[in-house]
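Next come structure tokens for two forms of one protein chain, structure 1 first, structure 2 second.
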Structure 1
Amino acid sequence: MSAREEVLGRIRTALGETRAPVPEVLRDYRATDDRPADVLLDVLVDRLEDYKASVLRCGPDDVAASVSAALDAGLGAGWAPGSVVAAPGLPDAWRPGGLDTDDDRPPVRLADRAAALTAVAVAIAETGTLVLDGTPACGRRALSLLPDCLVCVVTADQVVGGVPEGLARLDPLRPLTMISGPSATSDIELERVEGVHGPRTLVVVLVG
């Protein structure tokens, strides 16, 4: 008998011939968050800052300037545009001039870039979570991982209240990366240290 048949057979034996009915799952937890949109933006900012991310807020016409300011904050003034690599589908209006664009280079060649710039698919206010879904505006997974500084642009219409609303907007077949603050560890005496392997600096530009 194949291992597959054997394991499935063991499960059927374990569950018995007359199976217990499947219990009903009550979903009486909060599925939506009724707080007004501007409150949710404030919650998102609060949570992100609690995770040691920096947040810059701006209007729809000032995104590129805010991204520049975000890169100043993450890298220090005087960063070279060529050392920042942007997701290929990022709107032109959001990009400061001279940025490098991610192409088909081997992923490890992103490691020598100082910063990456991406959009997000969804942002969850309650948990301070940004979700990247691998579409061209978010970029491939290595892009938001290897450079030491990550700048994400979030628009107000992408912000939802809680985890259920966030997951409902996502495509489970895409490779998803949920980011809540910069990389962190608490493995040494439970003292939190930001930045081990992933980006050590996370700057969020919140539009709207």
Structure 2
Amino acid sequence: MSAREEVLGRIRTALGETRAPVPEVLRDYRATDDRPADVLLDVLVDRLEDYKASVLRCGPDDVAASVSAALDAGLGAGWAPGSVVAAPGLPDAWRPGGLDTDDDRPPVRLADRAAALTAVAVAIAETGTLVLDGTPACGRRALSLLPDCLVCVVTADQVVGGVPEGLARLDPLRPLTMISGPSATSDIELERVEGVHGPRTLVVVLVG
């Protein structure tokens, strides 16, 4: 008998022969958000900024210039293109010239880069959450965790109102990374500490 079978056997013994039926889970919460798209974009910006992220808004033809401005905001003017690594599936039109592309190098080498650039799979306005799903445009999870500055490009059609709508768009079998603001935690005296588990700087380029 394996350890797994032994554990499950003990649980079945503890539950006994007569088990209470599994209660039905009520799912009468709000599943859709009928607010206009422009309102949802404003809500997303409000939540992101409340989480101490920076947001730059632009049109579809100005993404690369806005990404460059986002890197100025995150790294300061004069940043070196070779210090920024982009997700491999990111559209060329979104990239400032000279950025490096992630080539599955060992994750420890990603920590040497000043910033990473990715797309997102979904953005949830109500919670100010960006979801990355490991597709080529989002990149692998290490890309969004190791460089100290993360720049994410969000298009207007990726913005939904609430969590149920966001989850409905996602593949649950993919590795999902949910980001609500720069990495931060609190120590035992509730002093905020930034950058312990991920980037200290998050800049969002919102297209639309």
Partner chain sequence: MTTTPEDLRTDQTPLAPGAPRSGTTFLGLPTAPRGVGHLRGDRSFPDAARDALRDGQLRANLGHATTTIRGKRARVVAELPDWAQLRAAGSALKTATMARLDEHLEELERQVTARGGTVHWARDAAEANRIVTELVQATGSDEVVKVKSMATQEIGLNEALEAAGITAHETDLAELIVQLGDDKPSHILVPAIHKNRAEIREIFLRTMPQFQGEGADRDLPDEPRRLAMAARAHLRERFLRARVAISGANFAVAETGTLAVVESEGNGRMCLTLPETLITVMGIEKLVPTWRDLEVFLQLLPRSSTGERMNPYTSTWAGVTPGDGPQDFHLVLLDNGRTAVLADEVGRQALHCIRCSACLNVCPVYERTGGHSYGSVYPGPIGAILSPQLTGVEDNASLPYASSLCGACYDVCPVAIDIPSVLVHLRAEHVEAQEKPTAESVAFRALATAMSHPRLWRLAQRAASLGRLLSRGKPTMPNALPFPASAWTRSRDLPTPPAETFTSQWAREHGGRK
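Worth saying up front: this structure is predicted, and the values here are computed from it rather than measured. For residue numbers, the reference is structure 1: its sequence is counted from 1. The term rigid core refers to the most C-alpha atoms you can superpose between the two forms while keeping them within 1.5 Å.
Number of the structure representing the form predicted together with the partner chain: It is structure 1; that copy is the form predicted together with the partner chain.
Yes/no, L26 Cα shift of 2 Å or more between structures 1 and 2 with rigid core fixed: It does shift by 2 Å or more.
Using a superposition on the rigid core, decide whether the Cα position of A184 changes by 2 angstroms or more between structures 1 and 2. No, the C-alpha moves less than 2 Å.
Once the core is aligned, what is the C-alpha displacement of V193 between structures 1 and 2? Give it in Å to one decimal. Spelling it out: core superposed, C-alpha of V193 shifted, distance 3.4 Å.
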